[in-house]
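Given next, in structure tokens, is a single chain: the form predicted alone.
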């Protein structure tokens, strides 16, 4: 029975280790050096040197807060790394700068108006860095004494002796503090901080002077120096929240719990105006500063004329993030009108944008990307198989070739091999069609299908934008 339980625990532990491999999970940044020059292969990025250099310049301006309220358009053919560049920018910005990603079609499926959905996305992309000073007690624990009543009933009393390199003080403990100390398992030799306002205790680690006390300290034990100076200190604490989070907290009776309830619904403009006024007041007093982040809208041609008009106005607002858009459309109809325009975006909005073009990858770049994806998907591939896959990527598309990596890996494992060979690639290539072979199949058997709009004289399908 015990062995079955142990097996189940092991199985659960194995499951928690599984990581989902996404289409851009190999991207770690933009792959630029200190002078913003792009490396050929770095941080998962390959090629697109001009586009990455442009993205790096934009990134520096975002970090310095000089480019808020601007729009960047990443324009290029499908599979040229537009989303990868946006993901690289998100990774390079770090966790402190807000980054919101959405697809153009998302706004039509939400239970709120289109402009409200865009407003919420914009406000998610603007951070407020709030500074506050708190008084803390920081020192090394010399001794903890807790006196329990002999009867076992009644309040506990105790004493806590803390020291720094210069002084030592004994504090009397109440019931609440004793509970906190017991919960955190504070013992002599620990370096702790106590927030005077809330009574919260945080363990920073063990003192270096106690490093030799125990042979059984685990590798995760962190050793720190004994604090210097006074025991009581004033410390500046910085919190970064998005404007949308502040909106939600102030517009719901549940307060911050509303953040966990999923769909936040529409927020009244009066609430937002009051929050903007309060944030402006904090900025003047030096309590807070605005952190303009990034709103990334993929497939931006899916937005309609109303959304574009709203974005035009929203970009002029003093509290606006950097809006990065991506599209793979050429000259096409603006959704909601009968007018055609480059990329399906109105000319007056295009005028406000810095357009960054992405170009098709060369053969050696395709090979490098496929090699990175093989590593990411933990798939060993023979050199000749990689060459064949690179040729397939050049003749069909990079996305199709990437999808063949996992399937070829499964086929090779079926024949008890740890390395994908050329015959595995050929096998999956014959099993799964690319779009050109699929179209050829439709041409050959068009009369067999239920509906067919392709005329006899047409050599290619004419796709109209609905």
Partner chain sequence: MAKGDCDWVSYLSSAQRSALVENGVRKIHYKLPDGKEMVEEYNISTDVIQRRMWKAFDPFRGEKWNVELGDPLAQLDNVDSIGIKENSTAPTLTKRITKKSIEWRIRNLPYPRDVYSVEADDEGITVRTSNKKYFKKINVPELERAGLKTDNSLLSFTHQFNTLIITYKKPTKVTEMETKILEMAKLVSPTKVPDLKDAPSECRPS
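The model shown is predicted, which means the values in this text are computed figures rather than measured ones. Positions refer to the first chain, counted from 1.
The next section is about a form of this same protein that is not shown, the form predicted in complex with the partner chain.
Trainee: Does residue 303 make contact with the partner chain in the model of the complex, using a 4.5 Å heavy atom cut-off?
Mentor: Because no heavy atom of residue 303 falls inside 4.5 Å of the partner chain in the model of the complex, the answer is no.
Trainee: Hey, in the model of the complex, does residue 234 get a heavy atom within 4.5 angstroms of the partner chain?
Mentor: Looking in the model of the complex, residue contacts with the partner chain include residue 234, since a heavy atom lies within 4.5 Å.
Trainee: Is residue 95 near the partner chain? Define near as a heavy atom within 4.5 Å, in the model of the complex.
Mentor: Heavy-atom contact with the partner chain at 4.5 Å: absent for residue 95.
Trainee: Would residue 77 show up as a contact with the partner chain in the model of the complex if we use heavy atoms at 4.5 Å?
Mentor: Heavy-atom contact with the partner chain at 4.5 Å: absent for residue 77.
Trainee: I need the one stretch from 194 to 202, 79 to 87, 312 to 320, 362 to 370 whose residues put non-hydrogen atoms within 4.5 angstroms of the partner chain in the model of the complex.
Mentor: So the stretch in question is 194 to 202.
Trainee: Exactly one residue in 179, 384, 168, 106 has a non-hydrogen atom within 4.5 Å of the partner chain in the model of the complex; which is it?
Mentor: Contact residue from the list: 168.
Trainee: Considering 229, 330, 149, 336, which brings a non-hydrogen atom within 4.5 Å of the partner chain in the model of the complex?
Mentor: Contact check passes for 229.
Trainee: Heavy atom within 4.5 Å of the partner chain in the model of the complex: which residues of 173 to 190 qualify?
Mentor: Going through 173 to 190 in order - heavy atoms within 4.5 Å of the partner chain in the model of the complex - the hits are 173, 174, 175, 177.
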